[in-house]
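Single chain ahead, by itself, as C-alpha cells, in the form predicted alone.
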Amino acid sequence: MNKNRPVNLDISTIKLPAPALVSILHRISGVVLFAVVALLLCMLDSSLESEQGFNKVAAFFTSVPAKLVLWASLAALIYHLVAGVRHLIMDLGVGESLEGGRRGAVIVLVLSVVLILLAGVLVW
C-alpha cells in the first residue's frame, strides 16, 4: 500500500482548476436542461391546445417565479452551449495543451456570465 497517498482530505481546502470547474458545470447544466425540457414541453403542449391554454401559459410567464425558472433554464442552455462549442473546438485540435485548456475554460466562464446576464436583462 502506498503510504504517501492523501488521507482525511479536507474538501474545503481543495481548489478546483478552471477546466475541472467548467467540466463539472457542463455536466450539471446538461442535467438541468434534461429536467427542464419536460416542463417546457408540457407548457408548449398546453399553449398549443387552445386559446385559453395559451393565455394561461402567457400569464404564467409574467410571474416572478416563472421568470426565475425561465432565466435558470436559459442560463443552463447558454452555459451548456458555450462549453459544448469549446469541446467542439478542442476536438478540432485547438487549445488541447494545458495552457490552452486553462485559457479556454476561463473564456467559457467569462463568456457564459456575460451571455447569462444579457439573457437576464432580456427576461426581466
Partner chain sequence: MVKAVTGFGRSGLYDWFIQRVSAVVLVAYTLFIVGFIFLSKDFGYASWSALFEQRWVRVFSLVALISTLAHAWIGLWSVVTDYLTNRMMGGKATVLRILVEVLLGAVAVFYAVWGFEILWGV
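As the structure is a prediction and not an experimental result, all values here were calculated from the model. Residue numbers count along the first chain shown, from 1.
The protein also exists as the form predicted in complex with the partner chain; that form is not presented, and the subsequent description refers to it.
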{"property": "Three-residue site Leu21, Arg102 and Val110 fully in contact with the partner chain in the model of the complex at 4.5 Å by heavy atom", "result": "no"}
{"property": "Distance check, Leu68 to the partner chain in the model of the complex, heavy atom within 4.5 Å", "result": "no"}
{"property": "Partner proximity in the model of the complex: Lys56 to the partner chain, non-hydrogen atom cutoff 4.5 Å", "result": "no"}
{"property": "Residue contact check: Leu77 to the partner chain in the model of the complex, 4.5 Å heavy atom", "result": "yes"}
{"property": "Leu122 within 4.5 Å of the partner chain in the model of the complex, heavy atoms", "result": "yes"}
{"property": "In the model of the complex, the one of Val64, Cys42, Leu98, Val94 near the partner chain [non-hydrogen atom within 4.5 angstroms]", "result": "Cys42"}
{"property": "Residues of stretch 24-56 in contact with the partner chain in the model of the complex (4.5 Å, non-hydrogen atom)", "result": "Ile24, Arg27, Val31, Phe34, Ala35, Val37, Ala38, Leu41, Cys42, Leu44, Asp45, Ser47, Leu48, Glu49, Ser50, Glu51, Phe54"}
